[in-house]
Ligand SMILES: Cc1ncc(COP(=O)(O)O)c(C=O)c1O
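Below sits a lone chain in structure tokens, taken as the form predicted on its own.
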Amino acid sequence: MKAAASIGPPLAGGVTGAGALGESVRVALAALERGASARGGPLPAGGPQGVAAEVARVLGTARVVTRPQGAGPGVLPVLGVGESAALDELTTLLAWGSADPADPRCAGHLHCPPLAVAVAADLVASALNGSLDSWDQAPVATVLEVEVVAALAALVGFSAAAGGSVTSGGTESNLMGLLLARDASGPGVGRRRILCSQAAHFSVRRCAGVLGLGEDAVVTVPAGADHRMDPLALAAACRRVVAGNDRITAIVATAGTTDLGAVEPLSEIAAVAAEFDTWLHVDAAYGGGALFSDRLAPLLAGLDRAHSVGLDLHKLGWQPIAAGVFLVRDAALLAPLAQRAAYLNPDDDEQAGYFSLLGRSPRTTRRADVFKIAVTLRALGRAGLGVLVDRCHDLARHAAGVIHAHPRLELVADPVLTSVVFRYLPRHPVGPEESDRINAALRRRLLGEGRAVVGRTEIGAGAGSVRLKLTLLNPYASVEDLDALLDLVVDAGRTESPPTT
């Protein structure tokens, strides 16, 4: 047979099946190390202007430059610079210009350092590029997702009837919970209402808006002195909704608030939801990781009484983003998501055993994020992950003790999970506005100098509410690392405080 003639000019690049992956990975790993070494701290120094200037310098967009083979500047030149060159220069840039969650001084957000085994598994998933919208695009990954969902549902306390899917994170899980709650409530008179704590994640309001209910459909319930939703106040709010001829579509409880890590009284909230015959969704994006820990799992008592639960394993699960999980106590509750597409899940294929996960997610194309989760769960087991959770909890308790004993620091509350909220106190008394300015400025100073990533939030309202936050998700950090980080905070606070007269 005569050999077929090639079509068009030679192709640039290569796919993973053509052996190009190994060389690309070697280039990327070398550039990662080089960029991180150049950074020298948990994030680049120079602040926003310095980072933008370095991006412009590398891309050549700050001025006209000459590129190899006549390529123009920017991320889309007429002629490319080549695979190795682009990967090397941009990986070096990204590694230099990232906030590194593996650095103990990077403790500002629910931003974990991913486990090496999970990162490697994520690379495998990327290389194979499966999509979980049809069996024939991801045969094993499809089955693995069912297995992972079943294992995590059992950890929550759900029965074998449970179902769910891997999501992009807590916001998508909240959206799914509220979507199913809306559809389960059926038609009726009065406006649909969603009740949640004043400490609930902002995505609850956003999801209500996306679902067409309006952000103002959300009714916030006061929290008690322990920063958790008050079940008595929740019941009273439910009665007011019903008395106003509106309908309760869902109650959202939070297991691990973003700032203080508070876990709301789930059993009591579930009793209120049952009294008013309404859907209970639990946002356990942060606190769900406590289920791995014998010490902390009791905090989530009553979680099994929820209709739906959202978990995020890219927090206390040490996964590369994204690794959310949405669970329902009965897979039949997922029925509103059901879809039939002739090119993805024809009925006769499913009857023949080629089942699809298309009806378990609002997304169509969905990468195999389940693979890294499966590898991690099997590698470490519940006990191994529990050790990591307990270690981060220990670090939070140590930090709280240091803050409580320090004359220039004030602790807001004892840590529940792994976050510690506090503020810097100047040597001399200042007003609330000045206290806010100093705490905000010291944090920006640390960011701009590239020395530390410390979180910022507000406790209460008005002047005097600004607080600092350590979110401790690095189980490999030491108590000495935390002591040094708090010393940096105090030093920056002294610098930002006005001199005494």
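Residue indices: 1-based, along the sequence shown. Just so it is clear, the structure is predicted and the values come from calculations on it, not from any experiment.
What comes next is about the form predicted together with the ligand, which does not appear here.
Site residues L316, L377 and N474 are none of them in contact with the ligand in the model of the complex, judged by any heavy atom within 4.5 Å.
The stretch in contact with the ligand in the model of the complex, judged by heavy atoms within 4.5 Å, is 308 to 316, chosen from 268 to 276, 308 to 316, 181 to 189, 240 to 248.
A heavy atom within 4.5 Å of the ligand in the model of the complex is found for exactly one of V421, A125, L110, A223: L110. A single residue from the set N345, S131, T92, T258 has any heavy atom within 4.5 angstroms of the ligand in the model of the complex; that residue is T258. When the ligand is considered in the model of the complex, E264 lies well away from it, no heavy atom lying within 4.5 Å. Under a 4.5 angstroms non-hydrogen atom cutoff, the ligand in the model of the complex has S203 among its neighbouring residues. Although the partner is absent here, G289 sits far enough away that none of its heavy atoms falls within 4.5 Å of the ligand in the model of the complex.
For the chain shown alone, G97 is not a contact residue for the ligand in the model of the complex, no non-hydrogen atom being within 4.5 angstroms. Taking the ligand as it sits in the model of the complex, the stretch 272 to 289 comes within 4.5 angstroms of it through a non-hydrogen atom at D283, A285.
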